[in-house]
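Next up is one chain by itself, shown in structure tokens, the form predicted on its own.
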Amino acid sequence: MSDRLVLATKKGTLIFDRKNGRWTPRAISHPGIAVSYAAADPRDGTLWACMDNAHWGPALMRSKDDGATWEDASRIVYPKGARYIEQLIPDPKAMEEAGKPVTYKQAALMKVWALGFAGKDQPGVIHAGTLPGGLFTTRDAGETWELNRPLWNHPSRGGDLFAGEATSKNEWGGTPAAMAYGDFVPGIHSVTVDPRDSNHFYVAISSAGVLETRDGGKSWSGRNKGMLNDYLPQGEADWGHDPHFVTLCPAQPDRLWQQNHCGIFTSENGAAQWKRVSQPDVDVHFGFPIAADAKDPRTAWVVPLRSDQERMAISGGLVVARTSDGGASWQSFREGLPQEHCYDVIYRHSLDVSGDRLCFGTTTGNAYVSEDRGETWRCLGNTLPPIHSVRFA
């Protein structure tokens, strides 16, 4: 189990260390600057922070000395000609304008939303998921970054727009998370690498679905069979799904889990088929984060919210739900969590697990840790900045 936590917050990067049974925060790094995601590279311990600076724009920083000092990594830049099809916000007016001619925009980096680290078989390889829906890869630990063109040019999003006009229909919808940046574009928030083979990994896109590559990103296939989209006319459509976060069991990587806009889904066959396993009757359905046990493929945790329309804690109190039988049933745990007048929301990267320990953070600056697989909790702090991600390191 890890004795270190890394929190990306709206006002900097917070690191907690566990010593003598207590979690103690260090002085904040990047004070006053929003950090969208922060994590440690499990291969060499390098800390990474995805900066979301309101003045200077998105950037990456890394620390090779456990957070004592930080340095800039090379910036991610979209190449000239990397265009995307302009999206319409799904409202009645947009529906009326849906027949208008296709328009294009030159891509510019809005946000680095998540990082995915390759295995030891590919040292230095890191993938970055971004808004507006591009995947960038570095093969030299952040010195240079390259847009994955096979994914950017995928037929599901209009084909090769570097070459000219769209040759297929764009099936990738936008995400409301992008609207703060002035546009309605897709975003890649999950990069899930198979620990057996770093050339095999998945990306999850809001709002498109899950795609898989088995050749290091040279080709991509949609993996959305079995997903149900309750707000589309055709709920089992090939595209247009909104996974909120996708992860896998490291011991059995063919078992994947996702918290989706339309429920909790799991797959036992490497995302070839998904099955919805949420249970609205016990308030386990809508939410953003999900965490999978490292050894037991049938165990996962979620922190559910009321609904898409009411993004608040269940019945006014925080609850963590756990399944130990692949989603057939769920247990809810509340001990140590506030149960009255609680309005916390937990973002998609803000729940993590390490052995028997779990931690999550909320948009109202509360962080909680469990040492017994989520059954009881204690507060790490309730005057913290809004928390964007939580990762054991």
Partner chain sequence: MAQVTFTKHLKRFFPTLKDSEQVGGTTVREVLDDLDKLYPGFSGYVVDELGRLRRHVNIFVRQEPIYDREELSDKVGEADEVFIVQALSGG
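Numbering follows the first chain given and starts at 1. From a predicted model like this one, the values you see are computed outputs, not experimental measurements.
Separately, the form predicted together with the partner chain exists; it is not shown, and the next lines address it.
Asks: Would the partner chain be touched by all three of 318, 333 and 372 in the model of the complex, meaning a heavy atom each within 4.5 Å?
Replies: The answer is no; none of 318, 333 and 372 reaches the partner chain.
Asks: Which pick from 251, 180, 312, 272 sits with a heavy atom within 4.5 Å of the partner chain in the model of the complex?
Replies: Exactly one listed residue reaches within 4.5 Å, namely 180.
Asks: If you check 114, 151, 284, 107 against the partner chain in the model of the complex, which one has a heavy atom within 4.5 Å?
Replies: Only one listed residue qualifies here, and that residue is 107.
Asks: With the partner left out of view, is residue 75 within 4.5 angstroms of the partner chain in the model of the complex by any non-hydrogen atom?
Replies: Residue 75 belongs to the contact set for the partner chain.
Asks: Would you classify residue 329 as touching the partner chain in the model of the complex, given a 4.5 Å non-hydrogen atom cut-off?
Replies: No, residue 329 is distant from the partner.
Asks: Against the partner chain in the model of the complex, would residue 33 count as a contact residue? Criterion: heavy atoms within 4.5 Å.
Replies: Yes, residue 33 lies within 4.5 Å of the partner chain in the model of the complex.
Asks: When the contact criterion is heavy atoms within 4.5 Å, does residue 55 count as touching the partner chain in the model of the complex?
Replies: Heavy-atom contact with the partner chain at 4.5 Å: present for residue 55.
Asks: So which stretch, 358 to 366, 320 to 328, 46 to 54, 337 to 345, is the one near the partner chain in the model of the complex (non-hydrogen atoms, 4.5 Å)?
Replies: Going by heavy atoms within 4.5 Å, the stretch is 46 to 54.
Asks: Scan 279 to 303 and note down the residues that get a heavy atom within 4.5 Å of the partner chain in the model of the complex; none is a fine answer too.
Replies: The stretch 279 to 303, when checked against the partner chain in the model of the complex, contributes no residue at the 4.5 Å heavy-atom cut-off.
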